[in-house]
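This document starts with one chain, in the form predicted alone, laid out as structure tokens.
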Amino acid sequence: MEKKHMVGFIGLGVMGKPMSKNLIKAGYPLVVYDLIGSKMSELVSIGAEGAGSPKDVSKKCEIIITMVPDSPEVEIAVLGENGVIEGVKEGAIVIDMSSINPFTTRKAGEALAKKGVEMLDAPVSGGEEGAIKGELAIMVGGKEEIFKKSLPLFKSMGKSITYVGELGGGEMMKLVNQLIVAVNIAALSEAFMLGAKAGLSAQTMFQALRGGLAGSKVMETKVPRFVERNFAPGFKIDLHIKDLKNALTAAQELKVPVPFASLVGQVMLALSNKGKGANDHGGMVEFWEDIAGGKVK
């Protein structure tokens, strides 16, 4: 049986904690770190080793995974004081699974390369449920030989793993994904509100539409939340705002107009300003309910 590499995991939030648990279940020896020390306790109780900083993690591990909120946090964790770069050994692999700006990914990759360290960007889709079940979609950018070497590790956390090309490509693919998901939820919210005002129940619309061209994985996941009024976060509105901000930045850099993404970003911002930024992005339906004076139920 092949010996598994020592893996470090930095960032034990909504996604990082269940992903870490799946690595332990798959038999990987794990070193974990989070800014909030109490988040490490549960992982330590099931076999992980706690660390005092990202530098400490990288000293002990051959593969280091980061799963943090946004570009500034990745820069701090990887390139900052007591960051991964200060302790990492030549020949190690750093895998950033956060959803960030692809230009930040390339900056980190260039800095790590000077120390003989490889980097992959591997953002995920599937939300908390996918992370818990080990069924995430993982989009990976970087050198193909490093991707192949890391594939068994990805398979312990995800169900659909796709190599997309050079470093930064995974992040760009995630931005494409997030744009599609955001616009899809907005379209569902708007259309289901129209039907609700006309007297149609959400469940009836769902059953009538799900098998046709209007059906989608987003509909299957989010419309039941409309019906149940369940907006506990699988993926928070505030995090989706961050992803759309990164998509808009990339679009501006590439001179690609993205008017629908811009509009949906404003809808999410309005909800965040009303104190709903920690709700699931399926809670976008509440924006249309507010302006239409009705409920999708």
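Don't overthink the numbering: it's just position in the shown sequence, from 1. Since this is a predicted model, take the numbers as computed values, not measurements.
The form predicted in complex with a small molecule is left out here; the points below concern that form.
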Taking heavy atoms only, is Ile36 within 4.5 angstroms of the small molecule in the predicted complex?
-> yes
Examine Met67 and determine whether its closest non-hydrogen atom to the small molecule in the predicted complex is within 4.5 angstroms.
-> yes
Does Gly13 reach the small molecule in the predicted complex if we count a contact as any heavy atom within 4.5 Å?
-> yes
Interface membership of Gly169, the small molecule in the predicted complex, 4.5 Å heavy atom rule | no
Only one of Leu271, Ala250, Ala51, Leu239 has a non-hydrogen atom within 4.5 angstroms of the small molecule in the predicted complex; which is it?
-> Leu239
Out of 145-153, 194-202, 98-106, 158-166, where are the residues with a heavy atom within 4.5 Å of the small molecule in the predicted complex?
-> 98-106
